[in-house]
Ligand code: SAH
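Only one chain is included here, represented as structure tokens and corresponding to the form predicted alone.
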């Protein structure tokens, strides 16, 4: 979502004369787009602002801006911490940027944070997408779940879906530009359409409409909330030839008591049933997840349930993190239950080791199989051309081939598995 926001910001800036450059030392305007999902991300953002602040002492004409979730969350306190910042804007008002830029160009220091999202047709603004095969389309933003560890509802607001016709129009433009993979984005992507008074507007039906578009391309969607994955959505994935057989479904913990403490609206058993249902429909599907180590009050036995779940579910990959207290959240106030940093990171290390074991086991199942892949990039190594690609089920595949190029689809027979990727050779 942040990458997509940055592409939209770059596109808006290009409308009134700004051009992206590669060396920040030559910049007239510096903007950092931030994430506050964990404290480390926020700390990195402030560290970068500090570097820019020192540069501004010798180059006072430089304009500095901060946006995204840290800006939305910290608001005016940023000015106290970094008084040299010229522009602060949040997640809700990216499309006010033309007016905000004019104000700072006139010498004003601007803090423009609103809790009321600025609604507009995003197709009215140019999107400066990176040259690649992948393109992102936000279809829903915000979250209504209020997980006790998560700041997203406070920084991104409540769920807001885009009109399907607007999304379809953006997808058509993406296909015309030559992109080969479209990823539909949302904090809870399978909640798409619930805020409309129209039962026909769902993620499943949106996938069906996008699947009808002409051209050779494929579609992904992230991130799914477990209890929002409907039978109709699974049916749509099966029906639509262009939709990837891949689900990213954050579990967060393998213990039902911790899930309840997290305010996740499912139990361990319910999550297992969802995964079983998906695997029964798609033999080669990839299911990835997210897990938190060291949630407040988590016992060693409850953490062991998470390790067991990762293995029993045969997950293909998981994003992992130690619990990070966030402002405004319920868990952030459970200070009497906080675990020590030593315990959290010792558990994270074990979680990562289990992740490596499970990923390798998952990849080994594909040795001998043929996967259709999309070439995303290529490198030269020891005089050989190595193509770096991704399969329908999100597996990374490397192979040698001088006849294929970035953006090509091809079939590759897998002959070697490593922890994070597969190796193979092209087939006829």
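Positions refer to the first chain, counted from 1. Just so it is clear, the structure is predicted and the values come from calculations on it, not from any experiment.
Keep in mind the form predicted in complex with the ligand is missing from the figure; the text below concerns it.
Name the single residue among 95, 317, 225, 246 that comes within 4.5 Å of the ligand in the model of the complex, judging by heavy atoms.
Flagged contact: 225.
Only one of 354, 220, 264, 129 has a non-hydrogen atom within 4.5 angstroms of the ligand in the model of the complex; which is it?
If I apply the 4.5 Å criterion carefully, the residue I get is 264.
Looking at 32-40, 382-390, 55-63, 365-373, which lies within 4.5 angstroms of the ligand in the model of the complex, counting heavy atoms?
It is 32-40 that comes within 4.5 Å of the partner.
Against the ligand in the model of the complex, would residue 326 count as a contact residue? Criterion: heavy atoms within 4.5 Å.
Looking in the model of the complex, residue contacts with the ligand include residue 326, since a heavy atom lies within 4.5 Å.
Would residue 292 show up as a contact with the ligand in the model of the complex if we use heavy atoms at 4.5 Å?
Yes, residue 292 is a contact residue.
Is residue 275 close enough to touch the ligand in the model of the complex, meaning at least one heavy atom pair within 4.5 Å?
Although the ligand is absent here, residue 275 would stay clear of it in the model of the complex, with no heavy atoms inside 4.5 Å.
When the contact criterion is heavy atoms within 4.5 Å, does residue 137 count as touching the ligand in the model of the complex?
Answer no; every heavy atom of residue 137 is more than 4.5 Å from the ligand in the model of the complex.
The ligand in the model of the complex - contacting residues of 41-63, heavy atom within 4.5 Å
Residues within 4.5 Å: none.
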